[in-house]
Structures are given as structure tokens and as C-alpha cells.
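In C-alpha cells, the next block holds one chain alone, the form predicted on its own.
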């Protein structure tokens, strides 16, 4: 078995959904582990990081890097229960949106202050480093990490992780085609000059999206909503799965993992989404491989 892999520990968005009807896909919120040559990288710290932490302390590694896409609760709410943070032999390196190290530290510690939680980050015994990037690039062992802003309320990063000659893109929260979807229904009301400007913005938006994920070996991307739910929640910062699939095809992605599943969708509904995604890929005669991100799924790199 390869010592280079990624594993899904939490695949839900918004809130944890530990329901009987959701267990095939999983109920924990966002957390993905990437391991290479004894180095551990964690993407987001939703409730999925809790069982991951329990597993990590059984091994020999004592240092890790934690990438946070942003600081909404479903992406940080596992930190108060992350066992390695409370063990003095561990070193934890945090990185996320912010102007400097102090910003990252402030955001990480905020949810563990009274009256929200009884134990603050000052109770952590591990050595904690808040990382400031150099030239928009991070290095963790053999993993090279770059990041870009994506479309979600507040500052939110998407990450490109290069490991073992493979490119893994992790974009947990992102609203594909935001400009196009926001204005399309009103396009007929625009004058000629405004329509031309709108069309230019849509082309620029699409090109930017393709550049972020272009030719990825593995894309883990927000696919939270059906068309019906997206139309009700337009502007909330999440994608309709149809847009995610089409964007992955356009960008030449090799494998797509539908991620950040809506907690209201049970296993059957997510399977229906997956089957429709496969139909779209077939209709477009694409070679894209599409999977459902499921809790516990391990992918060799």
C-alpha cells in the first residue's frame, strides 16, 4: 500500500449530519488528510478532524500542517476536540486567509473563547506555529502548496497541492459561475454596452476558474446544491453540482470528487446526483472520472 495517499474524514458542508440515512456517505464536516513520506497535511478542521486526530496519535508522526480554506464554523469546529493540539510532543503549523500570522492566530482562537467554549487555545500544549507564506507558496515535506482566492463569502482559499508528480486541488467552498448566474436572468434588460461588459466579465470569470483547476489529477470541489436548491440559495457561496461537473470537464480535470454535500441530502439523493453527473459526462463524451467523496475513502497518490 502506498505511503502517499489522501483520505476523506469529513465530507459534509454547513453542519454535521450523523443520521442513519446519511452513513454511506458520512456525516462529518470538511476534513481531508494528505500523507506523503511521513508528512501529514490536513485540509480544513470540521468535525472530521476529531476522528483523524484520534488516529494520528496512534502513529509515530508528531508534526503536521493544517490548511484552512476559511473560518466558518463547519470548517473549524473540530479544533477544540483535536487531540494532538493538547499533547506537548506535537507541532501544529496553521495556515489560512489573513494579512499576517496574527490574523490567522486570531481567527483560529476566536471560536475557543468564552462564551463560545470553556477552554481556549492557550490550553493547547502542542507547539503552535502560524505560517505566513513566501511568494504565495508553501512547502510541507514533499508537498508544494499554492493558493488562490475563490468565490465564497469572506476571504476563502482554494489550494493546489503538488505531491508525487500529481496535482490535487482542494476547493471546499466555491460558487461556480457566480457572475454569469447572478446576471443571466436580467441580461435582456441591459443595454448593448452593458451586455458587452457583462459578456466580457463572464468570459474572464470562466477563464479564471479554469486556470485554478486546469489539468488537475484530482479535484475535490464544492458540489453542494441541486439546481432547485441553488436557485433558492444563489449567492451563498456554493455550487450546483452540474456546474462543478461541467467546469471540471472544461478544465481537463482527470478525476473529480463531489464534495461538501448538503446535510439535508441523504445517501439516496447523493447517489442520484452522482448518477446524473455520470450522465452529463457521457453526454459530453468526456473522459472525466467522477466520484462521490465519502467518509473513510482513501485514494492512493
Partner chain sequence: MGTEAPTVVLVDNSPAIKKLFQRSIKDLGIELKIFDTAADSWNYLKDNQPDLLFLSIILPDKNGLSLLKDLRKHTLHQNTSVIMVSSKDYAQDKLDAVELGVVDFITKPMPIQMITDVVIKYTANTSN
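Residue numbers count along the first chain shown, from 1. Since the model is a prediction, treat every value here as computed from it, not as a measurement.
Absent from the display: the form predicted together with the partner chain. The rest refers to it.
*Asks:* In the model of the complex, which of 124 to 132, 164 to 172, 192 to 200, 82 to 90 comes within 4.5 Å of the partner chain (heavy atoms)?
*Replies:* Only one stretch qualifies here: 192 to 200.
*Asks:* Taking 4.5 Å between heavy atoms as the contact cutoff, choose which of 215, 111, 231, 149 touches the partner chain in the model of the complex.
*Replies:* None of the others qualify; the residue that does is 149.
*Asks:* Please determine whether residue 99 contacts the partner chain in the model of the complex, using a 4.5 Å cut-off between heavy atoms.
*Replies:* Because a heavy atom of residue 99 falls inside 4.5 Å of the partner chain in the model of the complex, the answer is yes.
*Asks:* When the contact criterion is heavy atoms within 4.5 Å, does residue 160 count as touching the partner chain in the model of the complex?
*Replies:* Although the partner chain is absent here, residue 160 would stay clear of it in the model of the complex, with no heavy atoms inside 4.5 Å.
*Asks:* Would residue 153 count as a contact of the partner chain in the model of the complex, using a 4.5 angstroms cut-off between non-hydrogen atoms?
*Replies:* Result yes; residue 153 sits at the interface with the partner chain in the model of the complex.
*Asks:* Find out whether any non-hydrogen atom of residue 178 is located within 4.5 angstroms of the partner chain in the model of the complex, and reply yes or no.
*Replies:* Within the cut-off, so yes.
*Asks:* At 4.5 angstroms, heavy atoms only, are 72, 204 and 237 all close to the partner chain in the model of the complex?
*Replies:* Result yes, every residue of the spot touches the partner chain.
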